[in-house]
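We begin with a single chain expressed as structure tokens, specifically the form predicted on its own.
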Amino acid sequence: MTKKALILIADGTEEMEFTITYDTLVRAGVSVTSAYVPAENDTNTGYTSPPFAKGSRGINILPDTYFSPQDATPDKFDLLVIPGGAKGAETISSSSPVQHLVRRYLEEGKFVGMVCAGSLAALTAGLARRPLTSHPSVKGKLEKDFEYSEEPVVVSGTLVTSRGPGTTFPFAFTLVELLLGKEKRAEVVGPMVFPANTFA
């Protein structure tokens, strides 16, 4: 059965963390959906189709759909991903429906991935103390409540966290391996032609 992943996006989401994860999962055969999480003051929420999300570096990305808590439940997806980017991570992590879903996914044994400032969702969701990592800029907000690590990728049960744009490839490869196994990871990594002795 095809694995399914939901990647959240908002204005201010870090483009590399979003696109590298999305692209890598698709290469592995995962069915990926991106969902736009509007900010509280967003006036576009009445439209049927989501607006472009303006990334942290000004690149416009068109999400697949609006975020709907009813359509994002763990019975419909195997993985929930929260990218970083300060503004985007703030919008996503401060959403109470997202916080509720983070807890549900983990309770039901589904995977949750957080990159960069996206790891703030672990804090806002009230997760129990566990190992994790994040971008250095939000370390101070997380290190008191969690076992903070500076490893590129930290796997704690079904929670997978990573540090930033530069660690997004190993983050995405880890998600592929957890969902589909080491052979699939190697199959995806090979054609990307990484230089020798890199993280792949």
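Owing to the predicted nature of the structure, the values given are computational and were not obtained by experimental measurement. Numbering starts at 1 and follows the sequence shown.
The form predicted together with another copy of the chain is left out here; the points below concern that form.
Participant: According to a 4.5 angstroms non-hydrogen atom cut-off, is residue 11 in contact with another copy of the chain in the predicted complex?
Facilitator: No, residue 11 is distant from the partner.
Participant: Does any heavy atom of residue 131 come within 4.5 Å of a heavy atom of another copy of the chain in the predicted complex?
Facilitator: So residue 131 does not count as contacting another copy of the chain.
Participant: Contact between residue 164 and another copy of the chain in the predicted complex at 4.5 Å, heavy atoms?
Facilitator: Result yes; residue 164 sits at the interface with another copy of the chain in the predicted complex.
Participant: Residue-level question: is residue 60 within 4.5 Å of another copy of the chain in the predicted complex, judged on heavy atoms?
Facilitator: Flag for residue 60 set to yes.
Participant: When another copy of the chain is placed as it is in the predicted complex, are 1, 174 and 178 each within 4.5 Å of it, taking any non-hydrogen atom of the residue?
Facilitator: No, because 1, 174 and 178 lack any heavy atom that approaches another copy of the chain to within 4.5 Å in the predicted complex.
Participant: So which bits of 1-34 sit within 4.5 Å of another copy of the chain in the predicted complex, heavy atoms only?
Facilitator: 14, 15, 16, 18, 19, 20, 22, 23, 24, 26, 27 sit within 4.5 Å of the partner.
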